[in-house]
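A lone chain, given as structure tokens: the form predicted on its own.
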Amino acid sequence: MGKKVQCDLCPTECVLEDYQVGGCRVRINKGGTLYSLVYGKPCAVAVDPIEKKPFFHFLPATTAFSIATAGCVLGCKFCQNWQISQADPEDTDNLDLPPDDVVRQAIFYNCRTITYTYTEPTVFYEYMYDTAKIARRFNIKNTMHTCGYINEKPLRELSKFMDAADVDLKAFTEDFYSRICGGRLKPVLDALVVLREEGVWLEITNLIISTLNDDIKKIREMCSWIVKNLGPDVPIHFSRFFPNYKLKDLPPTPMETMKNARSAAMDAGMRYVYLGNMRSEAENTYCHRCKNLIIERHGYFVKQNNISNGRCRFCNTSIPGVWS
């Protein structure tokens, strides 16, 4: 008989019997060894503006070769990509695209980065890791959009080849993570600190959902934690919720709530606060010193860029980010 195996990739740490698949749907115990069911088998491949990830302080107006496989380490009731994140790999339309071919495609399409995104890249960790190593050799940067639900050891190993991460900090209460996502808050906070320690450029996304995580006091508390533990220069993207998946009974987030969240973040000391899924001046980047407009955006498109050699063209202040 095969022996049990504990998966140490994410904080769920599934203990699997022989031929049992983990809660992520894509990792299986075969005879005491864990195997990935999605290595080199993405179900989503696209060339996207880097702003779509969203990254606003990382190579603006460039494109990212973006990939994802089936599966996720969480089960968020509001997931916008639930058709693939909550699917078994045998139920998705998969391509045969090994790591070296991902890099070739990125080069072919003149993408400055490869982004591991759409679902949760932690579930295709080995595929991402091997691709990132090859990409580095060809001067292609690696970025990921992640829920941050990953254990410290694999995250530190991955960080050696990861240039930027946008982490979904879904709320600032354990209750929300438990009831709405099927996970825990603390491992995500720990992952944010690890990414900062490892020198990975960091941005944060927070989807604001009415009645669930829209308490301005908790948002202010979250932003104060970010400033204290990660610094005031980490950009945060507050994203407007629209009814989806298992939360179709909730309304879209009111505009006023979004504006109040931005004000709370800035009052807490955050210098770069953006509003997503809505059109407003809060899509733009302003110099934190002279307050001049330095990057003007319309959706995912950059209309003007007044950053030169990483500095504001108006007052010469260094602007945090990766600009070249």
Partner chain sequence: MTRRDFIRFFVFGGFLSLFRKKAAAFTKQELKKAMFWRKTG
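Positions refer to the first chain, counted from 1. This structure is a prediction, so every number in the text was calculated from the model and none was measured.
The following text describes the form predicted in complex with the partner chain, which does not appear among the structures shown.
*Asks:* Looking at 277-285, 256-264, 22-30, 55-63, which stretch has residues with any non-hydrogen atom within 4.5 Å of the partner chain in the predicted complex?
*Replies:* Answer to the contact question: 22-30.
*Asks:* Pick from Asp101, Asp190, Glu157, Glu221: which residue has any heavy atom within 4.5 angstroms of the partner chain in the predicted complex?
*Replies:* Flagged contact: Glu157.
*Asks:* Hey, in the predicted complex, is Val15 touching the partner chain, heavy atoms inside 4.5 Å?
*Replies:* Output for Val15 is yes: heavy atoms within 4.5 Å of the partner chain.
*Asks:* Taking the partner chain as it sits in the predicted complex, is Leu293 in contact with it (heavy atom to heavy atom, 4.5 Å or less)?
*Replies:* Output for Leu293 is no: heavy atoms all beyond 4.5 Å of the partner chain.
*Asks:* Might Ile319 be said to contact the partner chain in the predicted complex, defining contact as any heavy atom within 4.5 Å?
*Replies:* Judged by the heavy-atom cut-off of 4.5 Å, Ile319 is well away from the partner chain in the predicted complex.
*Asks:* Mark Lys153 yes when one of its heavy atoms lies within 4.5 Å of a heavy atom of the partner chain in the predicted complex, and no otherwise.
*Replies:* Although the partner chain is absent here, Lys153 would touch it in the predicted complex, with heavy atoms inside 4.5 Å.
*Asks:* Could you list the residues in 119-154 that come within 4.5 Å of the partner chain in the predicted complex, counting only heavy atoms and keeping sequence order?
*Replies:* In sequence order, Tyr125, Glu126, Tyr129, Asp130, Lys153, Pro154 come within 4.5 Å of the partner.
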